[in-house]
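Next up: just one chain, as structure tokens, the form predicted on its own.
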Amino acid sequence: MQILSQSQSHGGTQTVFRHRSAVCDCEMTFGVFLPPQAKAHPVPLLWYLSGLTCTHENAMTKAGLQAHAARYGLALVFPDTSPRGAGVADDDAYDLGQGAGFYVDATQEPWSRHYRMFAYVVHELRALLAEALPLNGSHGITGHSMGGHGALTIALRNPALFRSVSAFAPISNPTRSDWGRRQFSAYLGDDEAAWAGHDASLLLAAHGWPGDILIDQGTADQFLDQLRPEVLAGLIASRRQPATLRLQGGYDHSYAFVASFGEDHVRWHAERLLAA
């Protein structure tokens, strides 16, 4: 891994790395925060998956999670949201192509060569971090919007790999949303049966989750119709799935919303990861 930048932060270190990804067949960049506790012993890791148009940098600089992670002794990783580069397929729309990987492994051309963000997070980057950093093997995952979708679907499909999962304003039912149907059709093809493994509501209905789930959603979110939190809430109730879905009055879809409830989520993950 090549270090692009490194700074002291809250007694720990905030580093930005670049590496050649075999899975995505391009250079990938990600950020890692190591808390001060990592100097003495291995620590749990909390993944933060970002939303549409974001890079590794947005949450790293705007969400304010490092101070909370330092307090509780968690490492943080901020992956990019898609492969990037001159040879990577793209689209003029903001919600398809670079910056909009949707955490799926594309099967359709021209996307299938590079757009394999599910495998990148679950397998390649996880293994790379385990080898290079002082981590104890206990992982939690969270994310915002498209990243909330990614966090939920990746955790629901890999309960043995993640001990805790939460989300901020996730795209909850992408197979029935414009933030999902267009992208899944492009990346995965027109057979909607192939989409089900990337829809948190369908996965929860089919498999549940062995622990509890934390979700925050702003009531003034300008994208509520795309996010469809009511579908996920209904499934939580019908399955009697242990979960807390909080509607936060007046909050929109911005990083101000994420930063406002970031401490709650970091503490929530710490309670589960440190007790493991």
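One-based numbering along the sequence shown. Bear in mind that the values here come from a model prediction, so they are computed numbers and not experimental data.
Absent from the display: the form predicted in complex with a further copy of the same chain. The rest refers to it.
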- Considering 241, 244, 53, 61, which brings a non-hydrogen atom within 4.5 Å of a further copy of the same chain in the model of the complex? 61
- Ok, 157, 181, 71, 113: which has a heavy atom sitting within 4.5 Å of a further copy of the same chain in the model of the complex? 71
- a further copy of the same chain contact at residue 223 in the model of the complex, heavy atom, 4.5 Å: no
- Query: Taking 4.5 angstroms as the cut-off for heavy atoms, does residue 10 touch a further copy of the same chain in the model of the complex?
  - Reply: yes
- Partner contact for residue 264 in the model of the complex: a further copy of the same chain, 4.5 angstroms, heavy atom: no
- May I ask you to state whether residue 25 is within 4.5 Å of a further copy of the same chain in the model of the complex, using heavy atom distances? no
- Note on the structure: Only one of 206-214, 44-52, 61-69, 231-239 has residues with a heavy atom within 4.5 Å of a further copy of the same chain in the model of the complex, and that stretch is 61-69
- Query: Can you name the residues of 233-249 that have a non-hydrogen atom within 4.5 angstroms of a further copy of the same chain in the model of the complex?
  - Reply: 249
